[in-house]
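Take a look at this single chain, the form predicted alone, given in structure tokens.
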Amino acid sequence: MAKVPPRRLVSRFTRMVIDRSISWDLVGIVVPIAAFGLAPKFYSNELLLTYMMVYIVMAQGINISYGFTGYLPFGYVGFFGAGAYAGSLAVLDLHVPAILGVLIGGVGGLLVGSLLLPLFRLRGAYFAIGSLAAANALADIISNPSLTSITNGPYGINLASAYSSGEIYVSAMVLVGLSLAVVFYLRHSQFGLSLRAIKEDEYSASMAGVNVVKQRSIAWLMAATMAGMAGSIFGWATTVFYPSAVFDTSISVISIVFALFGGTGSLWGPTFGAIVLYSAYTAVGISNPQYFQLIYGVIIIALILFAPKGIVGVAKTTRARIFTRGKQVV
């Protein structure tokens, strides 16, 4: 038999690993959508399932911003609130269908994201604090009594006339699929590779020919658009909401914890984190919020100390150790 050249062996192995990664991520898109499609047959509270899907989208948005570019936006809720108001006001004032309102909510998040692009001049904690300040400022503008004729000010929004549980649920499923498809693209494309290079070292990435400003801005606007649509679906499902509900800083914190718990930079991680922790919230947090805040605190500390790469990172490390020990035994 002819011997296979070492380079060809390496090429085959690399192709096999990539193909397995792609297949696993494709399963990560299909399984959640199928699970949520079947879930109403076993769990009657569609509203909680809708909220869970909203948080999956939010966690994947954090995944795009932080997992691929390294920028952690504590003001991510600003896009969420902007989307909730943009979509709702379009339905109430322009009388567009609520489903179209979800797309307009995404446009609202996109516009706010465009306005906040100068924040990238900041780094690290300064960026996180700056984004939070911007979100709080936007909340104050929308809740201003002087703008009651435009935003209804502090008096909130009522979408009871547009409520449709079936349409809301299907829209949330579609948005989950869209968010997962975007992350899949980032994980297996040249664009996503350039984002990871930016996260590792912006200067080296720029020297290698990566347009840091452009690539980072596109990822930021992707995350902002997703949050805007998630906020619009949240407002539609909640029916009656106030600025304090859709601009609540805890929405950003929860989304960040969900993403970090599962593991950023992956497709499965944020989805897993959102499903597990939101399920825990519905079981414990609604009836005993003080206990759940304690649980969240413990989770954050545990992540920092023992699992900075999340559950997915722990799983990869464990699998690598088992594989290495197996080779040593053989």
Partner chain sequence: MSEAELVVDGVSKYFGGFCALDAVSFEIRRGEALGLVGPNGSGKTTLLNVICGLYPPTKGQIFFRGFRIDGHKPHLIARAGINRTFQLAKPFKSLTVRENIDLALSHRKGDGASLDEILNLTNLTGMVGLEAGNLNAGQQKRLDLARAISLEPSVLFIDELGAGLNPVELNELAEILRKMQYGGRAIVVVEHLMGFLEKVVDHVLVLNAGREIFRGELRNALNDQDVKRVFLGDSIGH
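Since this is a predicted model, take the numbers as computed values, not measurements. Numbering follows the first chain given and starts at 1.
This next part talks about the form predicted in complex with the partner chain, which is not shown.
Chemist: Heavy atoms within 4.5 Å of the partner chain in the model of the complex: which stretch in 148-156, 167-175, 192-200, 235-243 meets that?
Modeler: Flagged stretch: 192-200.
Chemist: If you check in the model of the complex, is residue 217 within 4.5 Å of the partner chain, heavy atoms only?
Modeler: No, no contact at 4.5 Å.
Chemist: In the model of the complex, does residue 205 have a heavy atom within 4.5 Å of the partner chain?
Modeler: Residue 205 belongs to the contact set for the partner chain.
Chemist: Does the partner chain get within 4.5 angstroms of any non-hydrogen atom of residue 210 in the model of the complex?
Modeler: Contact check for residue 210: yes, within 4.5 Å of the partner chain in the model of the complex.
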